[in-house]
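Next up is one chain by itself, shown in structure tokens, the form predicted on its own.
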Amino acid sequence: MKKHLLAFAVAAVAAGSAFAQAGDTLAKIKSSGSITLGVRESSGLGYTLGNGKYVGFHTEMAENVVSDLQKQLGLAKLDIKYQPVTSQNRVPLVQNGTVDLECGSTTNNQSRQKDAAFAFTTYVEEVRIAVKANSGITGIKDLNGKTLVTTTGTTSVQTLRKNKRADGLTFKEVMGKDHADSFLMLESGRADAFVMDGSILAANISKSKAPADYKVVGEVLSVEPIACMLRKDDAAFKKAVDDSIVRQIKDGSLEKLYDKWFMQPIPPNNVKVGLPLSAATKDAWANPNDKPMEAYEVK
């Protein structure tokens, strides 16, 4: 009888500990000596070089967060397990504990806030229009009767249709299977304009055969705050991540990373993206916050 009671007590303590750690990411990290970082294989903010190597502005920023967590927890070593995520599985993998921190290119919006928490905004994305430099297109007003391409699974052209400056315009819409395919349609003349996130447009232009033949033009169609995602209701972990982001902003680390990944030649082709720091991102850094995109106004 006593053995049964003892076994029950041990099991209860173990279950309680597991339950506690499920909602206590810092305790989980400290006890395991590792953190699982959600990363992207192909994004303007993070990508893979192959063989398990992940790089980019948001990936390296997240590695700085991990370094700060290691110091806070007093760990001699903290291993990073890189977990590639997609647009479809990123939220579930954070919710079920597979991923502790996802730093790809996820927009913080009110819908996702029902399932996950977001750290302070580290990049503000702007949906823009890319065209051939000699096209004569300078903005939305010149798109009437043109063929526009965007990538399957994105909402960029719908964003354009909602823009009040697009009232009365008619245009044909075609879809690329991925961003590279969409840019190829612009490059080959099958589309007159490519509507997409500014960082993606700039990255594709920089990787093209003749970057000077293309340019990003016109109005900002949508403003979306990009932030690292983590499990809900873990205030201590969110504070630790936010504190690291503020530290990186204040000591200039984040701006140096931005310059490295957007204004200097980057692997694998050793070309510049050439996308200067936007006023919206500067403002987010000057006033750290976790506001969703619904709080942003397109001017």
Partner chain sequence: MNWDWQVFCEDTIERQVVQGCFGKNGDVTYLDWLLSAWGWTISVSLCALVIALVVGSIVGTLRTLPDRPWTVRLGNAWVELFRNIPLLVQIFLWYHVVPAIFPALKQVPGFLLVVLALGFFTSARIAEQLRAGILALPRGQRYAGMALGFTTFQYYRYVLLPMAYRIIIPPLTSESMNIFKNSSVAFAVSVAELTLFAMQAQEETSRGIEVYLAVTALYMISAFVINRIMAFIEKRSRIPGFIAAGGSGGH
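Residue numbers count along the first chain shown, from 1. Just so it is clear, the structure is predicted and the values come from calculations on it, not from any experiment.
There is another form of the same protein, the form predicted in complex with the partner chain; it is not shown, and what comes next is about it.
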Exercise. Candidate spot Ser87, Arg90 and Met175, all three in 4.5 Å heavy atom range of the partner chain in the predicted bound form?
Worked result: yes
Problem set entry | Proximity to the partner chain in the predicted bound form (heavy atom, within 4.5 Å), stretch among 197 to 205, 175 to 183, 69 to 77, 123 to 131 | 175 to 183
Problem set entry | Heavy atom within 4.5 Å of the partner chain in the predicted bound form - residue from Ala193, Ala119, Ile140, Val157 | Val157
Problem set entry | Contact test in the predicted bound form: Lys162 vs the partner chain, heavy atoms, 4.5 Å | yes
Problem set entry | is_contact(Asn96, the partner chain) in the predicted bound form, heavy atom dist at most 4.5 Å | no
Exercise. Any of the heavy atoms of Arg112 lying within 4.5 Å of the partner chain in the predicted bound form?
Worked result: yes
Exercise. Should Asn144 be classed as touching the partner chain in the predicted bound form when contacts are defined as heavy atoms within 4.5 Å?
Worked result: no
For this session: Indicate closer or farther: the Cα atoms of Ala166 and Thr138, in the predicted bound form, relative to the displayed form, with a change of 3 Å or more.
Result: farther
For this session: Just say closer or farther for the C-alpha distance from Ala166 to Asn204 in the predicted bound form, relative to the shown form; it changes by 3 Å or more.
Result: farther
